[in-house]
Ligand code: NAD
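Form predicted alone, single chain, as structure tokens, below.
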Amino acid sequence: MLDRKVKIKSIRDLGSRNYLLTLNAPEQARLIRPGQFVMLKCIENVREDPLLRRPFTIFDVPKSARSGKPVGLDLLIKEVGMGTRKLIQLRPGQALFCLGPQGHGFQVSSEMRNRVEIACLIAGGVGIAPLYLLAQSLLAQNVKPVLFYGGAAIADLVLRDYFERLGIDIIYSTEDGSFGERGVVTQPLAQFLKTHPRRDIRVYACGPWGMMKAVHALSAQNNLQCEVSLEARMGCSLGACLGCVVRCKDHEGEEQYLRVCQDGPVMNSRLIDWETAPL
């Protein structure tokens, strides 16, 4: 984990208050694993409000066209409050403090080549953020990703062109029927699992709590392993403030509270008490 002052390369407006922020951060980019995040100061002057940094999942790691080495970080930003509002008002060339990479990412290893055939990736809205690097890592292990991407409307399905360029199977859904299938994203997932009754499927999800709860339930019904990338408010991201805990159960069923920043953000869905959402 590194704390560096990095420069903004670009800020791209994706519509519907979504932005893609690209940072020049070669040292940190070389350390990234799919599902990890960084803590970003939302202003250039560290003494101005907001004082606390904000957590952002790494969407992609741009590489040098000449050397092929990682040179930066792409972060998906949604304007939801004062911190993100000030962040997107910054301009290329300005510098920010960036702490990371942090957290436990998705479990992807060479052993999956012989054990996993299909990986179902389920995203709701900006929950797409950790799944692009994951999809690339799965393809490198000869595992076939199938993306289920849902939102309230077509405007919520940002950065889908990145996944389309990977050439993977994608099933879109919108609640208003403006793009793809009409309904919630777990409906096509349930149909897919019904028509593919096999054990060599792994499930990964990121999105609203209710969506991930439903994905967990479907995975458990089909006896499939499921990893979820959690979101929580973070104060320190170092495990000290205990502001991002999620209620879980250990392997013996005993209650415990795990820190999203240190024990996550990616966790086995079977550990989580889905009846108790994080604050």
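Predicted model only: the values in this text are computed from it and were never measured. So that there is no doubt, residue numbering starts at 1 and follows the sequence shown.
Below: the form predicted together with ligand NAD, not depicted.
*asked:* Just to be sure I understand the contacts: of V184, L75, I171, V143, which is the one whose heavy atoms reach within 4.5 angstroms of ligand NAD in the predicted bound form?
replied: Checked against the cut-off, the match is V184.
_Single option in S237, S229, S219, Q28 placed near ligand NAD in the predicted bound form, where near means a heavy atom within 4.5 Å_ = Of S237, S229, S219, Q28, the residue with a heavy atom within 4.5 Å of ligand NAD in the predicted bound form is S229.
_Since the partner isn't included here, can you check whether ligand NAD sits close to all of G125, P130 and M211 in the predicted bound form (heavy atom within 4.5 Å for each)?_
Heavy-atom distance to ligand NAD in the predicted bound form: all three under 4.5 Å.
*Looking at 109-117, 162-170, 89-97, 199-207, which lies within 4.5 angstroms of ligand NAD in the predicted bound form, counting heavy atoms?*
Among the candidates, contact is made by 199-207.
*Answer with yes or no whether E175 is in contact with ligand NAD in the predicted bound form, where contact means some heavy atom within 4.5 Å.*
Because a heavy atom of E175 falls inside 4.5 Å of ligand NAD in the predicted bound form, the answer is yes.
*State yes or no: in the predicted bound form, is some non-hydrogen atom of A152 no more than 4.5 angstroms from a non-hydrogen atom of ligand NAD?*
It does: once ligand NAD is placed as it appears in the predicted bound form, A152 has a heavy atom within 4.5 Å of it.
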